[in-house]
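Just the one chain here, the form predicted alone, laid out as structure tokens.
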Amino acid sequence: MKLKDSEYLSAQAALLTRLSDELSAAYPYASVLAQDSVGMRMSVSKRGISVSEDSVNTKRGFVVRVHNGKALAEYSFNDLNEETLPVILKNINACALSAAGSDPVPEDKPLINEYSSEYQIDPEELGTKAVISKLDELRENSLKLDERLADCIFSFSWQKIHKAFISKNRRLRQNVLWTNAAIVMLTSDGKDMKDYYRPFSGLCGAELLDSIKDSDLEDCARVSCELLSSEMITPSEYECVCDPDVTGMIVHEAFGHGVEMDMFVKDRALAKSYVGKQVASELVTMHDGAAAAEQCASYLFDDEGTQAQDSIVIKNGILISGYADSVSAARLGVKPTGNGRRESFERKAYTRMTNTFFEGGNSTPEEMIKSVKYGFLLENPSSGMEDPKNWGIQCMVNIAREIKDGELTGRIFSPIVLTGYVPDLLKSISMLSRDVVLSGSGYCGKGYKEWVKVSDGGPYIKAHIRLG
């Protein structure tokens, strides 16, 4: 089934068109973005049941952007009707009058399109009670697997995103449903406590819960108990094989933020001076784009009315370009890439990642492990950060499995800090697996705020990485 249009936005369609027409008659450019989004989070644990509305993602309102002939101005509001329309127009005109600066007039080529993602089970119709019952069943089954399990936390979240974009020449509409689930297992031997996290995500409905199999529970319990015997690693540079989740973190943190082109405008990204130059191994090709894959960060158009794309960031090791919102693109003299994203209608649009990943190669994970004289298989990333201006990276990984003479020895090291200079790490990539896997379980902030949904991933990769 396809996600239906928002009844609220459909009811406002005539007023939105009228607002857009009046503004387009008065200004060189005018657009209206309408949002009606709702999201829920649920979890079960030893502490009990938690159910809450997703405060970041539950929003209903509008943002208008106009160009006064010199600069852009924006005005957001959440109460649109016949009585408020004159006041809204008055406030928009006041904002436009006070806007100063020098902004190019945004492009407004004709475009009419719509998109609705597909699902099998509507989580909203399924209801909280049924979801909690499923989560509780998974938790109870997991706790029976090993006596060292101190707790098993199961969570599920969903979001329905309804948006419409109207300008003089554009009429766009999209309805997107994504879901996330996660398992967190806590183990204890009486002295130490360890935790292991496994996410699930998709551009789908509550059927995502059915993708969690008994084998997933058994594997999570096994790994979480293995961590009780983990050791501290000796800091050094090692040959490493990264699973797709760790690859995704490297793609996102090592290079993703560094090619957000609003940072080019502000001269806060070293990548700006490396366009057309080698920044990675010749084996590496990197993509970003809401149209580049089907995951939680997929959509038809961004929050500036630019159609989603599949941008090639790195091609055979050469930095081709970054990705950009429309304002940054205009200031840099390039085309926008469909990456202008807002946390909500109340917030500014920034250049943001969407689905970010490396292409696959020609190897298998088994071949990659066999090629390692001494090193580690890295799994289960937890967090990361980068410095786009100096190309430093620091990430946390939960598991490093020792490899000796091409074989896994069974020894586990945890926790792991992955650090280094981004080009050195990317240029050292010598093997990539064929299969590419993306995960959309996380959010990305612009600095410490402005949260949007992203996905990242890629194949298994082999590289030289500094661990500590």
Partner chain sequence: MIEKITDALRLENIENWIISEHNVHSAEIFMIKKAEDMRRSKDVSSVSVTVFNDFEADGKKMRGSAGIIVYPGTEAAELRAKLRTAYISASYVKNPYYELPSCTKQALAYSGDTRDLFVIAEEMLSALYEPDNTGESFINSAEIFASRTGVRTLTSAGTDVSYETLNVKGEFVVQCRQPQDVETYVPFDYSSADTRSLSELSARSLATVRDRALAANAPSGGEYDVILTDAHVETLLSAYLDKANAAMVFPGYSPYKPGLNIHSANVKGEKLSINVFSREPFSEDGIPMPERELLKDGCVCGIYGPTRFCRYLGLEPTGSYGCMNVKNGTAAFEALKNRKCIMPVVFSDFQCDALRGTFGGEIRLAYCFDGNGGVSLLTGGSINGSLTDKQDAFVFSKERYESATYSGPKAVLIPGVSVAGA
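Note that the coordinates shown come from a computational prediction; the quantities given were computed from them, not determined experimentally. Positions refer to the first chain, counted from 1. Rigid core: the largest C-alpha set superposing within 1.5 Å between the two forms.
The protein also exists as the form predicted together with its partner chain; that form is not presented, and the subsequent description refers to it.
Although the partner is absent from this view, G392 contacts its partner chain in the predicted bound form, with a non-hydrogen atom inside 4.5 angstroms. By the criterion of a heavy atom within 4.5 Å, D54 is counted among the residues contacting its partner chain in the predicted bound form. Contact check for T58: a non-hydrogen atom falls within 4.5 Å of its partner chain in the predicted bound form. Interface residue remark: S371 is not counted as part of the site for its partner chain in the predicted bound form, having no heavy atom within 4.5 Å. Of the listed positions (V265, L228, V275, I121), a single one reaches within 4.5 angstroms of its partner chain by any non-hydrogen atom in the predicted bound form, namely V265. Put simply, of I320, L85, L186, L143 only one has a heavy atom within 4.5 Å of its partner chain in the predicted bound form, and it is L186. By the 4.5 Å heavy atom rule, the three marked residues S45, C95 and K348 all count as contacting its partner chain in the predicted bound form. Only one listed stretch (281-289, 129-137, 163-171, 106-114) carries heavy atoms within 4.5 Å of its partner chain in the predicted bound form, and that stretch is 129-137. Residues P415, V417 are the ones in 401-418 with at least one heavy atom within 4.5 Å of its partner chain in the predicted bound form, listed in sequence order. G190: CA moves 2 Å or more between this form and the one not shown after rigid-core fitting.
Relative to the superposed rigid core, N68 undergoes a CA displacement of at least 2 Å between this form and the one not shown.
After superposition on the rigid core, the Cα atom of F200 is displaced by less than 2 Å between this form and the one not shown.
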